[in-house]
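Take a look at this single chain in structure tokens; it is the form predicted alone.
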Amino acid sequence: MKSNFKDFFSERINGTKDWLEDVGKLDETVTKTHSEIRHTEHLINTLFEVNTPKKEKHVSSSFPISYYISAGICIVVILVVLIATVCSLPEFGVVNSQMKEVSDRYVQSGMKETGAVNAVAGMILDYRAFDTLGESFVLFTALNCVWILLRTNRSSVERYFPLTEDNILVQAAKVSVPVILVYGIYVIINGHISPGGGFSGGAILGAGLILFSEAFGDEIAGKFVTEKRFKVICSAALLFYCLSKAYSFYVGANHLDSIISTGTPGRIISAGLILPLDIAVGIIVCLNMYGIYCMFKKGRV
């Protein structure tokens, strides 16, 4: 089409040119553009395939059969254990049952024995600390599985599709991220005297780190949470949890006096090991949330 609109309309009004004359040219331009886009996509896909190292997989022919057999046996064993456990539970509504004795012990003696005003924190981090340890290991194991599955190099994706900063997101994050982090720390530290604790506070801190990474970029966020620092902190938190609860279980099983006092219920420094364990759990949950987010976002280590 001509750039002069007056000539363009005058030629068609006078009948010297047809209004649909340039439609065919437009179709040709669109078709050509689509073919160029497909050609560019093909080149990028080819580049990814060339840069991605290919590993030969050596799988024995007996692996699938043995795998299915082992999986079936494990499923049957787990089902038998679960069904036997359910069958041994007391009937619903029975007053004099062992389950009621346990719950009454939590409610009536929980504050005195654990020093925690929050009965839930005293239950999951003192009476049933093994369960919480298992849940922390589940999170850590989940991150390791994601780490293994997404351990590929896709830096070329960021080279062709760079992440751009959103000014609205950046300005909002400058205000909200400090508030989120402070609130997460508050929830963790006050978990033994109010609703909260390591899991909820750690989730809040993890969300704050994710927002920080989205707003300011992975390079800036990576300066605070590096791969080496992540492994050291997570391993230290899990090791501290294991050793501290091993001491508590050993002392309690042998009816010995613990050197760790429960303190005065209602104060920050109280409840024995519950506060340090809440901090350890919060660190584990926070870093594992952020680690899984990074793995899914980048697809690489």
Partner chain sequence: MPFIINLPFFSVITCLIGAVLCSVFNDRNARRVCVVSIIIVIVFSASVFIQTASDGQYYHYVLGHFPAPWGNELRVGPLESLVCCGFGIILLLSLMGGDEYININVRREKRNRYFVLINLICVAMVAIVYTNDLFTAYVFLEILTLASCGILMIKEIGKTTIAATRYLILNLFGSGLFLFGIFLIYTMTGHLLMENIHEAIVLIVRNGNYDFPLTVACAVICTGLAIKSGLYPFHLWMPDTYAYSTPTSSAILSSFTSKVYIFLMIKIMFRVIGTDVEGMRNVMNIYLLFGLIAIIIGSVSAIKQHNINRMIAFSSTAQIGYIFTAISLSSVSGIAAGIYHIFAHSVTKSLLFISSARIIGVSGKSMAFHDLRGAAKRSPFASLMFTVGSLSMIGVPAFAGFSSKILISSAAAEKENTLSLVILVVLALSTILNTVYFLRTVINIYSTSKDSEKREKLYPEYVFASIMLAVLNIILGCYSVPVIKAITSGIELFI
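Just so it is clear, the model here is predicted, and its values are computed rather than measured. Numbering follows the first chain given and starts at 1.
If you look for the form predicted together with its partner chain, you will not find it shown, but the lines that follow are about it.
Contact annotation: its partner chain lies within 4.5 Å of heavy atoms from the stretch 106-114 in the model of the complex, the single such stretch among 106-114, 204-212, 217-225, 181-189. Within 4.5 Å of any heavy atom of its partner chain in the model of the complex lies no heavy atom of residue 168. By the criterion of a heavy atom within 4.5 Å, residue 270 is excluded from the residues contacting its partner chain in the model of the complex.
Interface membership of residue 231, defined by any non-hydrogen atom within 4.5 Å of its partner chain in the model of the complex, is confirmed. Put simply, residue 133 is close to its partner chain in the model of the complex: some heavy atom of it is within 4.5 Å. The partner is absent here, but in the model of the complex a heavy atom of 235, alone among 66, 261, 235, 264, sits within 4.5 Å of its partner chain. Residues of 119-148 placing a heavy atom within 4.5 Å of its partner chain in the model of the complex, in sequence order: 126, 127, 128, 130, 131, 133, 134, 135, 137, 138, 140, 141, 144, 145, 147, 148.
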